[in-house]
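As a starting point, one isolated chain is supplied in structure tokens, in the form predicted on its own.
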């Protein structure tokens, strides 16, 4: 895969002199959000730029091993005002792994106060908004980390990918492709993995840190949600699960504990679509996954004011949990009636 030459040239012009740069990624950051931010920050710092990574809220605890994560500013707990100071002094803002500013939640207000700052998008989600001065938007890419690796390769050469960059990039590529099992995986993805591996990273250690470092509470929560909260309907082809705030507290929930739960119903043979509903203070987070040609991006846009990818999307509900589940089941009937399921 090649990044468009004219876009790379424009990016080079933005970076031709030392800049004060802010890198942003989305609320509830995952491995791809954190990994792409850290890797891009490192290469920019090596090129003489001053860089601050800002996330709206904390990334999952099992990503604490990622090189450089201790330098990330968490806006939700930023009592020293470092985020505001960095944004106000920035000459460039990079937006990684999200396609619309609403994915920043409260942090978007801070960005809106600095409209004069140039904004550059590096992302792989569908239908980006037009709020960016330069868009490196490639929905066919398997992850934003893969895009960052390609940009580094095509601008500076793979010899400039350090082992710490490689580790962060690999985390995002691995997690956003379901361990390299999704349809977005191409031969070039594996070519890039070989480049990353050549830097000396330990792939078994990375896998173990991401997938085998959960808490006891997370294990018990998973058992509970599968046994007690999974409902299968529509002739066994659709499932939904839900967790209220009280249930999350009962199992000592930490950010990231429910990550991956939505994928599990798709291990059932006839399953086509799976949904997970998680209650937060002001809304219910909606996560959607599907198989083959079932488009949950369209479903999320239509019924939950969200979006994402064809087989992985999300949104929000501002109804009660009971109302949300009823709305979901009714929406499934409508979607199926159109021949989309």
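Residue numbers count along the first chain shown, from 1. Just so it is clear, the structure is predicted and the values come from calculations on it, not from any experiment.
The form predicted in complex with a small molecule exists for this protein as well; it is not shown, and the discussion that follows is about that form.
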Counting non-hydrogen atoms within 4.5 angstroms of the small molecule in the predicted complex, say which of 313, 273, 53, 34 makes the cut. 313
Find out whether any non-hydrogen atom of residue 60 is located within 4.5 angstroms of the small molecule in the predicted complex, and reply yes or no. no
Proximity of residue 67 to the small molecule in the predicted complex, heavy atoms at 4.5 Å: no
Taking heavy atoms only, is residue 247 within 4.5 angstroms of the small molecule in the predicted complex? no
is_contact(residue 278, the small molecule) in the predicted complex, heavy atom dist at most 4.5 Å: no
Would you mind picking out the stretch of 218-226, 157-165, 203-211, 95-103 that comes within 4.5 angstroms of the small molecule in the predicted complex, counting non-hydrogen atoms? 95-103
Check for me whether the small molecule, as it appears in the predicted complex, comes within 4.5 angstroms of all of 259, 289 and 308 - heavy atoms only. yes
